[in-house]
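Next up is one chain by itself, shown in structure tokens, the form predicted on its own.
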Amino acid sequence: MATHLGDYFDEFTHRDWQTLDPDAVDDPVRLAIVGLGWFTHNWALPGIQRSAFTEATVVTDVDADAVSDLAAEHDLTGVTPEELKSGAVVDQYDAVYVATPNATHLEYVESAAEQGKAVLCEKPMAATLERAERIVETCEDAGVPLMVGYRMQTDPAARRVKDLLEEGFVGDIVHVHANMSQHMLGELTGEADQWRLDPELSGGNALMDIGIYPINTTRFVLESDPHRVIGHTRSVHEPFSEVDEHAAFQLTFPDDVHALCTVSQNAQHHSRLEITGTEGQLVLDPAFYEREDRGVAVVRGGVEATIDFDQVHQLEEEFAYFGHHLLTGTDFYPDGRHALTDMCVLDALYESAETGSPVAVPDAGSHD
């Protein structure tokens, strides 16, 4: 291996993408936040505030009370969605963060693009592949940067796993196993009347909401895209009658590398990603939840070591990356074309679950 593990451990939380001195940034990227749900309150807004490269200036939501309360609490400008789209406060923000239900992402991205504002859109990018394609084309036509919120890609734990794979630490990669599960109605909300359970707003549930994590993280660390999928979904309990409650799927990558994944919105809280090769294994456990410290284990030659490292705030890292790349005029890695491949994979998985047959993943023109 070209990299010594000592060097690897010493640089574990190093931001390998950062070139700007955070202390030298006088004018951080000003963000308009669209969508003020629990994730924005608990994670996105704190991440924006912690980052030296971003600051929140404007907030909006269809819930007027949520807007007025958050605006007053954090001294922000609160507007209606219509006012934001009309450009009423366009001089108060440089970019737009969209964290609304999946089916409504497009309308806010379109207005941001019309105003010439950069966009950070939550994943999955849209409720359908067709709407996702329109999001990408809208931003490309307007010439505005589009990043999709894959926070695992800016987390040092996932980045160091990717580094070790590139160095050949596990030898030839043989297979990947990934799991993500939670009790959605207990952990996120107790309300069954919510957008994640509405197929028109969400586009699906277990696969769309959390299946995206093992799909995209595996693509990221392997630097490869699956070309064939097999998927199975099932729903048992009444709140999930219109969407998928549980899902199991297999992704086939080049060189016949298989990723076997299970996700559930109604099972014991857990997440894990393990990559096994001919010479060793790398494990993220816990892996995907922003509210848990990530764990990393390395296995090679009969020796297993757990890495103890300073944890980062995942959303601070994501927004720092977004703001930094806007300030430096550099390209995002998880851009719209990259995210469009995930939408093609999700679309193929739902088709496979419906037909019971393997489905080829179309080429989304990703330029990873």
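Sequential numbering from 1, following the sequence displayed. Just so we're clear, the structure is a prediction, and the values are computed from it rather than from any experiment.
Beyond the structure shown, there is the form predicted in complex with a further copy of the same chain, which is absent from this document and is the topic of what follows.
A.B. asks: Among 99-107, 67-75, 174-182, 124-132, which stretch has residues whose heavy atoms lie within 4.5 Å of a further copy of the same chain in the predicted bound form?
C.D. replies: Every other range fails; the passing one is 174-182.
A.B. asks: Is there a non-hydrogen atom of Q194 within 4.5 angstroms of a non-hydrogen atom of a further copy of the same chain in the predicted bound form?
C.D. replies: No, Q194 is distant from the partner.
A.B. asks: Contact with a further copy of the same chain in the predicted bound form for K162, defined as at least one heavy atom pair within 4.5 Å: yes or no?
C.D. replies: It does not: once a further copy of the same chain is placed as it appears in the predicted bound form, K162 has no heavy atom within 4.5 Å of it.
A.B. asks: Can you work out whether S241 and a further copy of the same chain are in contact in the predicted bound form, taking contact to mean some heavy atom pair no more than 4.5 Å apart?
C.D. replies: Contact with a further copy of the same chain, no.
A.B. asks: According to a 4.5 angstroms non-hydrogen atom cut-off, is S86 in contact with a further copy of the same chain in the predicted bound form?
C.D. replies: No.
A.B. asks: State the residue from T80, Q92, Q250, Q115 whose non-hydrogen atoms include one within 4.5 Å of a further copy of the same chain in the predicted bound form.
C.D. replies: By the 4.5 Å criterion, the partner-contacting residue is Q250.
A.B. asks: Can you pick out, from E274, D198, E167, E140, the residue that has a heavy atom within 4.5 Å of a further copy of the same chain in the predicted bound form?
C.D. replies: Of the candidates E274, D198, E167, E140, E274 is the one lying within 4.5 Å of a further copy of the same chain in the predicted bound form.
A.B. asks: C261, Q268 and G280 - do all three of these have some heavy atom no more than 4.5 Å from a further copy of the same chain in the predicted bound form?
C.D. replies: Yes, the whole trio is in contact, each within 4.5 Å by some heavy atom.
A.B. asks: Where, within 332-362, is there a heavy atom within 4.5 Å of a further copy of the same chain in the predicted bound form? Residue list please.
C.D. replies: Heavy-atom contacts within 4.5 Å come from G356, P358.
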